[in-house]
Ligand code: TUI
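Given as structure tokens, the chain that follows is alone and in the form predicted alone.
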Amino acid sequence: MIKTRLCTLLGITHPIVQGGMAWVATAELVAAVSDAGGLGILGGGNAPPDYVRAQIREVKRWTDKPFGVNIPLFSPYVDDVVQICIEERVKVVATGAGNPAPVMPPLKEAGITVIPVVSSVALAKRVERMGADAIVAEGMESGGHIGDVATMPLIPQVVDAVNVPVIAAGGFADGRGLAAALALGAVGIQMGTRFICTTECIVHPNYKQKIVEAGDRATITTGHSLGHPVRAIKNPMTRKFQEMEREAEINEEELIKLGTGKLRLAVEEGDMVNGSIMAGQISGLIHDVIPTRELIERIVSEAEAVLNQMPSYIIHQE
């Protein structure tokens, strides 16, 4: 059994957190992850407050284990969702895509554990000063909205810069990854793409199949010209986006229009041509769709085996 500070902080059995992916991380997946000993996190996204409250109550109906809610700070409903999390006594709130300073005081006052997602050392230091209980350091290998520093150099730098527990994200899908994250000083891992390919995840089967079929170079990042790069599996939509970004005079309004609603189109309708199939570079390592509990148990077992074998890699000279 691998137990870290993260397990104690969150009251979970395994140091594995499920990323709060918009329209993907619904009550079905969240409850399954938490029930299996990890921490499930609802994807708040731009969803209206009533939807978020209903989802929270669904998770509570299916499990009595700790879970969290992800609040992207660009959401027009931030204040309402914060209040809902307080009223519903949610244990953990993860924040991302912005400065969590305005929401930190009410959440902390309510006794909620706050875990911001960061993509740089500077932001990690800043959120620690604000009172973050832990930090998710997410490398650019991840799916969806990304930063510009890769996981391998980012994690140890963030670990060295802060005193709160650091959760590694971006490029994790198996036990080798968990063992590597622990070696870098992290207290656990956050996974998004790998959890999409579980039986409890409600995304369209076409979406899961695209990930299972993906190779190591299957993803692409677009949106750099807008200052908000996004990683997704290559398809006609990403190619169109890329072509528009290469034009001499970029029409930002047209780019935004092209990207709006495309994740939901892929998730709910299975449109693999016009939808945005957000997924990380780790897609090439995912080859099956299995129950969440089986996945978590597999990862922990693999990590234990790797950690136990590591002393044998060292050759002692006489």
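Residue indices: 1-based, along the sequence shown. All values reported here derive from a predicted model rather than from experimental measurement.
Although not depicted, the form predicted together with the named molecule is the subject of the following passage.
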Would you please decide whether G223 lies within 4.5 angstroms of the named molecule in the predicted complex, comparing each non-hydrogen atom pair? no
Find out whether any non-hydrogen atom of N99 is located within 4.5 angstroms of the named molecule in the predicted complex, and reply yes or no. yes
Contact with the named molecule in the predicted complex for G144, defined as at least one heavy atom pair within 4.5 Å: yes or no? yes
My question is simply whether M278 lines the interface with the named molecule in the predicted complex - judged by any non-hydrogen atom within 4.5 Å. yes
Exactly one of I233, C197, V117, A134 has a non-hydrogen atom within 4.5 Å of the named molecule in the predicted complex; which residue is it? V117
Please tell me which of K240, R126, R176, K208 lies within 4.5 Å of the named molecule in the predicted complex, judged by heavy atoms. R126
In the predicted complex, which of the stretches 200 to 208, 144 to 152, 177 to 185, 213 to 221 has residues with heavy atoms within 4.5 Å of the named molecule? 144 to 152
Pull the contact list for 51 to 74: residues with a heavy atom within 4.5 Å of the named molecule in the predicted complex, in sequence order. F74
